[in-house]
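What follows is a single chain, given as structure tokens, in the form predicted alone.
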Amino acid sequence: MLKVKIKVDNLNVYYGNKQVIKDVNMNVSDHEILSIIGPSKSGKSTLLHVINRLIDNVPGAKVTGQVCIDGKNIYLDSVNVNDLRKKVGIIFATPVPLPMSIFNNLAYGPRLHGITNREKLLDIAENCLRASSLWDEVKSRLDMSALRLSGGQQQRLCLARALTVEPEIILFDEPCSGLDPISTSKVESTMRELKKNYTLILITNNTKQAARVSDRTAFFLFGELIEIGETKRLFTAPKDKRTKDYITGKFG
């Protein structure tokens, strides 16, 4: 039986008087890729922001219910949010490399945590670039500005940067929405490799991408979790008509 890494119980989220997530209950297993699909304004990104508490930065936001990681409620007052975000990395749709060299992008996080030895930082950089399938493309130009990389390379660099602080969970918020098919394929291949060591949640508006890379898929609609299950089953025999209508393109 797979270990539960993330457990969401009776989650409700409000932005002021507007409810954006409604009574969501779901588990995410250790070392799985869970895709979350659904039309715009379904609460998908909000869920990711709840899981690593970026929601804390939204004025007027209110969260009720529980989100537990490894059995611990991450909304307890005793939780150190910086430690949580070290454990739960997030990759956004638009890559945002720091305006510095490739190497310094990767050394930034470890330096914040007290690692200053250059050889150690180089080892971390190489390991994380290899894990994000970027090492062979940039190993001879680590001193080059990260801003000179292509969009797909920048996205994989941001992933490598997230890995430098040794997270356990990686959240992807439409990471391929601005990428060409070749770059998208490289990111997807990287995700499948990362699954060996991390738990991944992927938000995607591309149902074919969800079908290609995920172990399970969740369908959200207007803040509600309509259906969650093994990806092949959900795409071939959805239990809810709304899921079928979305997958077949009748709305969304």
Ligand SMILES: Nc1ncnc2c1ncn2[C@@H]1O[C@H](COP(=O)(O)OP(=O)(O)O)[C@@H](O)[C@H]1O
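Start at 1 and count along the sequence shown; that's the residue number. Just so we're clear, the structure is a prediction, and the values are computed from it rather than from any experiment.
Missing here is the form predicted together with the ligand; even so, the following discussion is about that form.
Taking the partner from elsewhere, Ser214 is found to have every heavy atom lying beyond 4.5 Å of the ligand in the predicted complex. The closest heavy atom approach of Ser45 to the ligand in the predicted complex falls within 4.5 Å.
In the predicted complex, none of the heavy atoms of Lys241 sits within 4.5 Å of a heavy atom of the ligand. The ligand in the predicted complex comes within 4.5 Å of a heavy atom belonging to Val20.
Using a 4.5 Å heavy atom cutoff, Tyr15, Pro39 and Val58 all lie near the ligand in the predicted complex. Remark: of stretches 187-195, 45-53, 24-32, 63-71, the one touching the ligand in the predicted complex is 45-53 (heavy atom within 4.5 Å).
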